[in-house]
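What follows is a single chain, given as structure tokens, in the form predicted on its own.
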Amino acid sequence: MSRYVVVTDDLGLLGLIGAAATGPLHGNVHRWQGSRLPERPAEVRNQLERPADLEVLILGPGMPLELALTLAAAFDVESPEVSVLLAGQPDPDIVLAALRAGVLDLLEPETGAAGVAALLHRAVRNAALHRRAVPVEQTTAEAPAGRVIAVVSPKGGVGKTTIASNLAVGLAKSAPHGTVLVDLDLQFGDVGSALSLSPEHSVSDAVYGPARRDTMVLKTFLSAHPSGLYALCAPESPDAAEGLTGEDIAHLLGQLASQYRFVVVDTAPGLSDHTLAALDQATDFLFVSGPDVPGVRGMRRELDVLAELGMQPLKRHMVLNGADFKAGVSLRDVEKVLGTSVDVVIPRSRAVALSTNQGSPLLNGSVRGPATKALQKLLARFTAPVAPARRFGPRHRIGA
């Protein structure tokens, strides 16, 4: 079947797309034939043996921008079930014009094989949604929202980002290109480092302007990870997050939950307005504590504060990370102080530290051991049947 059509004179791009069209993306790649470039969808389909198989149209390089946008707009009106990708530079004016014409994504010249595969995954998924007659922009109202998993801790240094990144990578394997990790430690977050990403955009870029109004624009601010995960990283400068409100964060997470099956949120230590806004949106609270006495007592205080605020998730998960029960504190001691059971115990492990330093989560590789087994146990808590639809309305109002 001709699943992809490419209108280009760039043989290198054609090769990248052909190499990516394997596995779940398998399908024939048809290169436009003819001395005259197409202007209408019918011209594209007329070159295909089975026109109904077309899912993704890639335009350029080598196609004039105005003609490419005209063709993209025509597909958007006549064949919205076909996802259109435009090859070009990420100039703001070009990006805005492309989005208005119905282009799903911009394929930049330096995009490598992994990036091309990520774009094709998203394009195929978008096409499938339209073929099921579920408009993407209406999923918030007509379909259950994705699970929002807030990873929280009262203090830093307990491995919260390590656990969030491992969980997100594991979920991405069960829901390819349906998982996004948000770094909500806006001053000193290091999700980018944990995943070896060099993001062009951050949370502070994604909450303003067109991205706030259009989820398709918002998706262009996400960074793709080879595992199939998308990430929205913290700003490079702590000052860049000044002015972001809890309402901004709640709106952002709501947008992402309307588009992705899993939204994992790595929060900042403590209970800031941003963290409370994330907890308002969350279906799951994932608490992370270290095995030391001050850390466990701090977690108990955080649990008490949330109980006083009436913030109760649909599901709660308690993780004890870096456990070494030879240090004088037993699991029974920890549970007694917390007043609740511990769901997953992740032992202290050199493999965890090594993977963190290398920017390669354990669940993204083949390293075996007790820590990996514990992380897989945590992952299994989320890969069971999806939680029931959550209640509407916030559990905490900032400033109330």
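When you see a residue number, it is the position in the sequence shown, counting from 1. Predicted, not measured: the structure shown is a model, and the values here were computed from it.
Keep in mind that the form predicted together with a small molecule is missing from the display, and what follows is about it.
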### Task
Determine whether any heavy atom of His30 comes within 4.5 Å of a heavy atom of the small molecule in the predicted bound form, and answer yes or no.
no
### Query
in the predicted bound form, does Pro347 have a heavy atom within 4.5 Å of the small molecule?
yes
### Query
If you check in the predicted bound form, is Asp190 within 4.5 Å of the small molecule, heavy atoms only?
yes
### Contact test in the predicted bound form: Thr356 vs the small molecule, heavy atoms, 4.5 Å
yes
### the small molecule in the predicted bound form: contacting segment from 294 to 302, 200 to 208, 235 to 243, 154 to 162, heavy atom within 4.5 Å
154 to 162
### Query
Among Ser83, Asn321, Gln259, Thr179, which has at least one heavy atom within 4.5 Å of the small molecule in the predicted bound form?
Asn321
### Summary
Checked Val334, Ala68, Val352, Leu54 for heavy atoms within 4.5 Å of the small molecule in the predicted bound form; positive is Val352
